[in-house]
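Have a look below at one chain only, the form predicted on its own, in structure tokens format.
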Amino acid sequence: MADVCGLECLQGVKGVILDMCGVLYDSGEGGGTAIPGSVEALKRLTDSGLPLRFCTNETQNTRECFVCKLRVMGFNIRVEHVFSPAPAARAIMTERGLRPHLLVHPDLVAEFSGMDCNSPNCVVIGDAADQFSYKNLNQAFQVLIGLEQPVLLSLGQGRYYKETDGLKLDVGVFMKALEYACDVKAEVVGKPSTEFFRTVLRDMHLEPHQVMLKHTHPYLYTQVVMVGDDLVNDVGGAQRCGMKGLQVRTGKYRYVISD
């Protein structure tokens, strides 16, 4: 995150949304490590007075455990300012009367505590890490293929992410396998979903942009900036929602020279 830019690039901006993994820290053994300069950069943003929210596709921990881990690294973050896919998926299922078959990380199961999982009529897939075995994927397949109207909720759609020991496959790879096997289109909950970003904006009481007049001509004035390491899910998702997206050169960022 230290490579993002100085605060001058945020001139006129009224709010900032930050990705977390790959921007503030790299996940991995022992909970991961803070990216050099990120604790200080976040403090500068906080001290600027700009409203801050954190938008993550993290699905290996509950939000409470996730924030606790980051506080140990030195980040001053409040749980209510963190938006992740699991609580959003739970709200969707409650509203639609869905009973999930969970293919998620064991440490995330608590986010769905109290939900009726008997006779499931949907599958929820998250970053299950080592739980992505043939047996578990096949169980999810059998639930979906047996439904007259299969519903697959995917907690994000990332291809890979970075841990301290290298790049790791993300949930999107396994989501695509179930889509292909069951001839179903997953509903993505989390980035880059426009509705997911809009939920964050509503919490900030901000619009992504504002129409202004410049020399009698209307133009879009950016009000909120999204900072992330993923060009598709962070930057692209934010831009489709009307925000400005900034990509950092940390995390999963890979320098590629185009012909």
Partner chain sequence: MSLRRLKAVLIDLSGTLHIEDAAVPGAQEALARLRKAPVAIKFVTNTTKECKRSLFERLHGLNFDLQEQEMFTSLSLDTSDPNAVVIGLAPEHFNYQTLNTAFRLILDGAPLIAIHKARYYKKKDGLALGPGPFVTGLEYATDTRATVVGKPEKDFFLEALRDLDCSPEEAVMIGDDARDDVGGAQSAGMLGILVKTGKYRAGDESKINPPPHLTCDSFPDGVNYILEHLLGS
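Positions refer to the first chain, counted from 1. The shown structure was predicted, so the numbers you read here are calculated from the model rather than taken from an experiment.
One more form of this protein should be noted, the form predicted together with its partner chain, which is absent from this view; the next part is about it.
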(message) Within 4.5 Å, heavy atoms only: does residue 80 come near its partner chain in the model of the complex?
(response) no
(request) Verify the contact flag for residue 159: yes if a non-hydrogen atom of it lies within 4.5 Å of a non-hydrogen atom of its partner chain in the model of the complex, no if not. (result) yes
(message) Residue-level contact is defined here as any heavy atom of the residue lying within 4.5 Å of its partner chain in the model of the complex; does residue 130 satisfy this criterion?
(response) yes
(message) Just checking whether residue 110 would be counted as a contact of its partner chain in the model of the complex - the rule being heavy atoms within 4.5 angstroms.
(response) no
(message) Please identify, from 139-147, 116-124, 91-99, 69-77, the stretch that has a heavy atom within 4.5 Å of its partner chain in the model of the complex.
(response) 139-147
(message) Residue by residue through 156-174, which ones have a non-hydrogen atom no more than 4.5 angstroms from its partner chain in the model of the complex?
(response) 157, 158, 159, 160, 161, 165, 166, 167, 168, 169, 172, 173, 174
